[in-house]
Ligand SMILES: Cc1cc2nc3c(=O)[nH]c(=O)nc-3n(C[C@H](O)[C@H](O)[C@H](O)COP(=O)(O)O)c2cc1C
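Okay, here we've got a single chain as structure tokens, the form predicted alone, with questions on binding and movement later.
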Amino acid sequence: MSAIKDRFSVRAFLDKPVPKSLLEDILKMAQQSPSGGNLQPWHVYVTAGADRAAFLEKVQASIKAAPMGEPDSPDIYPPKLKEPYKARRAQCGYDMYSALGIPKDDKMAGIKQVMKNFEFFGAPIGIFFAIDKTMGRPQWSHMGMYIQSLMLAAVERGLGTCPQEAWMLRHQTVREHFEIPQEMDVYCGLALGYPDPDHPINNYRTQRASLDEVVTFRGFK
């Protein structure tokens, strides 16, 4: 319960390495995640150190060549986001930029913050998740359970994470660098490291809908 409550999307990390043995413990714990038929349909790619630096150099080259995203980048959100989802997304962005002191009309400052995605927000560890293209929606949901398990295990060990769907805008660079086979779909990235407790972006929290908005109870007295 405490890990669920304490988890948040960390967007500023300390310059402090994460021991490989600690990361292995977290990944082993995440392997306990459920999956239908025990397929365990996920494959995980982890980068750190010199490999991370080389990868981020390739990412910067990709950004210069295609600032709006690489060809065939999938949509992160539905093209016509309806309510209440549109309002929730807008509130999330407003709260984050307010925490950073970025005015709503300062587009350049907002873009600079978004681009920090492609530096893992300074995290020493970058993780990517892939799944076989023959898998369907049930198996995708199982991979989501795995990612959540990993994030909660990280919190328990004093680490923080930020799941990053923004990496889909650089899906080709991700695939090429990590030599991900064409029969695999690349999903999101994940920044992992020690949170910077003093950074203002780590001291705000997104709002959550009430139970009345998302739960229908039947049969209770």
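Everything numeric in this text was worked out from a predicted model, so none of it was measured. In case it trips you up, residue 1 is the first one in the sequence shown, and so on.
From this point on, the text means the form predicted in complex with this ligand, which you will not see here.
Chemist: This ligand isn't shown here, but in the predicted bound form, which of 63-71, 192-200, 159-167, 34-42 has heavy atoms within 4.5 Å of it?
Modeler: It is the stretch 159-167.
Chemist: Quick one: 28, 142 and 152 and this ligand in the predicted bound form, is every residue within 4.5 Å by at least one heavy atom?
Modeler: No residue of the spot touches this ligand in the predicted bound form.
Chemist: Indicate whether residue 92 is a 4.5 Å heavy atom neighbour of this ligand in the predicted bound form.
Modeler: Residue 92: yes, in contact with this ligand in the predicted bound form.
Chemist: Heavy atom to heavy atom, is residue 121 within 4.5 Å of this ligand in the predicted bound form?
Modeler: Because a heavy atom of residue 121 falls inside 4.5 Å of this ligand in the predicted bound form, the answer is yes.
Chemist: If you check in the predicted bound form, is residue 210 within 4.5 Å of this ligand, heavy atoms only?
Modeler: Residue 210: no contact with this ligand in the predicted bound form.
Chemist: Taking this ligand in the predicted bound form, which residues along 1-26 bring a heavy atom to within 4.5 Å of it?
Modeler: Heavy-atom contacts to this ligand in the predicted bound form: 7, 8, 9, 11.
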